[in-house]
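As structure tokens, one chain now follows by itself in the form predicted on its own.
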């Protein structure tokens, strides 16, 4: 029999939930779901290394406690956030800004939206009593304690709907900003629904205003991709070096749907991104790609669950990690092929590049196959820079750091090249170059 003793931290968080419960949007059934989700989190507590999926990211050691919920941003916070957003803008994108976990309409681009596009704040949807959307946004899954905590504490987010037959010409850019008011926790939950025969590009950025430090960002994204629809998803984590970012995304694909996603982590003290993708319609295609560029004492965890539930679907996973100093990169990728998912074509490859003797990379690719007519494979490698190539480049006059930078760019290039948008690919390349320049 397992007995869980509630710690002082657990009691403090429970008291905090009771205090802020009236601030959280949604009444009736949503309030009941929040309460049940928080109780599920309280029973489990912060995930630790004895839980297999959290073996390499023990939050009881790394994070230790959940900080108090961030207050609603005031004028000063919004001003600091505006400066940060301006410095990280993406040209010709529809900007949607969340500051300290609250949607900021004055910093967002809500005028003249494209036909067939609807954007609302999560708080508006929950308080408005839209039962169908609320049910989709708040998953009933409480097996993951951090997703359960997010369900309990989420203060706001964005709800995006793309009507049938609509192909958006501009990317949607969701910007999460920590204003720097104090070390606090931000909880956001967003929902994206793509109808049939649609197309969209979603960009997510996590960043901080000047002076922000030691904050926690807890984010959740729920995506439904309709039949014959395509979503391109690009994600940049550029939090401060002492911040925590615990995020998740759940994606469901219809028939003949296409999901292409790329993530790059360069910031944060501890980050974990858990992506769950379900191929629920035949002939769907998934491309998941990522890059970790970390140094110092950073810890970056990317965990992927790919669920092939129906026949004739394909998935490709490419992940690259460049790890310097005493940083720690984690990649966990599990591909599940259900008994009915014949003709599945699934492949996964992860590579890590260690730039120092103290750097660490844990790669754990897994296959669980319950069908017999499939093409599946996975692989993982870890190594250092090729000394012969470095010698060749230095012999031709290149300084050591510049030679290393060229080899690192080539190493991560395969993943970056999967970004469909030329403009967003350039943003990723520029982000990688900034990291390399800071390293020099």
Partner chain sequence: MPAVQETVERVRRIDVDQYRYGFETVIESDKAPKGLSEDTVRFISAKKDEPAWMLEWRLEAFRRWLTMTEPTWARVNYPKIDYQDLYYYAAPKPKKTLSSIDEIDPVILKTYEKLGIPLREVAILEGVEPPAGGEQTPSRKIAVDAVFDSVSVATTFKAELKKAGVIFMPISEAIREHPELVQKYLGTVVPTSDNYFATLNSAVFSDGSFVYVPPGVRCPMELSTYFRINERNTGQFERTLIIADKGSYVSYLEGCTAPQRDENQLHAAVVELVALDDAEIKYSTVQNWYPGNSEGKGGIYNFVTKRGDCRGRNSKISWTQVETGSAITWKYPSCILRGDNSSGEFYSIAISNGFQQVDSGTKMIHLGKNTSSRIISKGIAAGKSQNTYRGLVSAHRKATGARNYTACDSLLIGDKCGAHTVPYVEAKNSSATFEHEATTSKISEDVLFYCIQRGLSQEEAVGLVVNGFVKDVLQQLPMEFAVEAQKLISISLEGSVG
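Numbering follows the first chain given and starts at 1. Predicted model, so just to flag it, every value in this text is computed and none were measured.
FYI, the form predicted in complex with the partner chain isn't displayed, but the following is about it.
- Stretch 371-379 is the answer when you ask which of 60-68, 371-379, 405-413, 38-46 has residues with heavy atoms within 4.5 Å of the partner chain in the predicted bound form.
- The partner chain is not shown here, but in the predicted bound form it comes within 4.5 Å of a heavy atom of residue 384.
- Residue contact check for residue 394: none of its heavy atoms lie within 4.5 Å of the partner chain in the predicted bound form.
- The partner chain in the predicted bound form comes within 4.5 Å of no heavy atom belonging to residue 54.
- Within this chain, residue 364 lines the site of the partner chain in the predicted bound form, having a heavy atom no more than 4.5 Å away.
- Proximity to the partner chain in the predicted bound form, defined as a heavy atom within 4.5 Å, holds among 342, 79, 136, 164 only for 342.
- Proximity to the partner chain in the predicted bound form, defined as a heavy atom within 4.5 Å, holds among 106, 91, 210, 357 only for 357.
- Contacts of stretch 58-87 with the partner chain in the predicted bound form, defined by any heavy atom lying within 4.5 Å, are made by none of its residues.
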